[in-house]
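Coming up is one lone chain in structure tokens, specifically the form predicted alone.
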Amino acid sequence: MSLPARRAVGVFGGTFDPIHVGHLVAAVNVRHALDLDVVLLVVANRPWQKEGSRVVTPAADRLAVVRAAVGDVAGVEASDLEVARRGVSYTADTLAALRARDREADLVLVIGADVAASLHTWERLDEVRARCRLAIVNRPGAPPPAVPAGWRADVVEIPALEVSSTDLRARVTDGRPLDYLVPAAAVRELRRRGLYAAQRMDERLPEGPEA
């Protein structure tokens, strides 16, 4: 009798303030390229790398918009793991919780090439490295990302989409359209919640790599 296959789970964490089509393109392409069972969009509760740099939208609102965005996208799910845990969000804690749920799962941490270059700044990095392998997304024509020493990693090329959450927040504030930049269901949800419309100009500061 053959043993059941290990479940392959992509872990794509971020502030998602707000989520946009670039996030979804990365998720579906990594899932396809690496034959993952699911990619979890893990919404940060309190993103420690952004605290103090700008005002972050409440986690419950960001999670609701992510849930609306993924809708019925096959193999992509919104995860409330970090929001439910409360407090500051650390990837080491999230991977530990996922490992506790399924000790045989193959956990694949989805990050950008820029994030790969800054992994050395993460908290409890040894724990992260022991619990997962990396999927580093890269754009066509971009230099090959450097795989950090000691990591198991795959590089996945995805379409180049120049969309940023910083620009999207500014668009809502200025009354400009979000069409085709944010999934329609997510646009409806953020408008229903009145997100970003009252954001002050002086709150628009650059985001870190995990926006």
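Numbers follow the displayed sequence, beginning with 1. All values derive from a computational prediction rather than experimental measurement.
Below, we refer to the form predicted together with ligand ATP, which is not included among the displayed structures.
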Completion exercise
Contact with ligand ATP in the predicted bound form, heavy atom within 4.5 Å, among Leu40, Val182, Val43, Ala26 goes to Ala26
Exercise for the section: Please pick, from Ala64, Val172, Ile158, Leu36, the one residue with any non-hydrogen atom lying within 4.5 angstroms of ligand ATP in the predicted bound form. Expected result: Ile158
Problem - in the predicted bound form, Val76 touching ligand ATP (heavy atom, 4.5 Å) - result: no
Exercise for the section: Tell me, yes or no, whether Gly14 is in contact with ligand ATP in the predicted bound form, where a contact means a heavy atom of each within 4.5 Å. Expected result: yes
Practice task
Please check if Glu123 has a heavy atom lying within 4.5 Å of any heavy atom of ligand ATP in the predicted bound form.
Solution key: no
Exercise for the section: Mark Val163 yes when one of its heavy atoms lies within 4.5 Å of a heavy atom of ligand ATP in the predicted bound form, and no otherwise. Expected result: yes
Exercise for the section: Would you point out which of 78-86, 126-134, 105-113, 92-100 contains residues with a non-hydrogen atom within 4.5 Å of ligand ATP in the predicted bound form? Expected result: 105-113
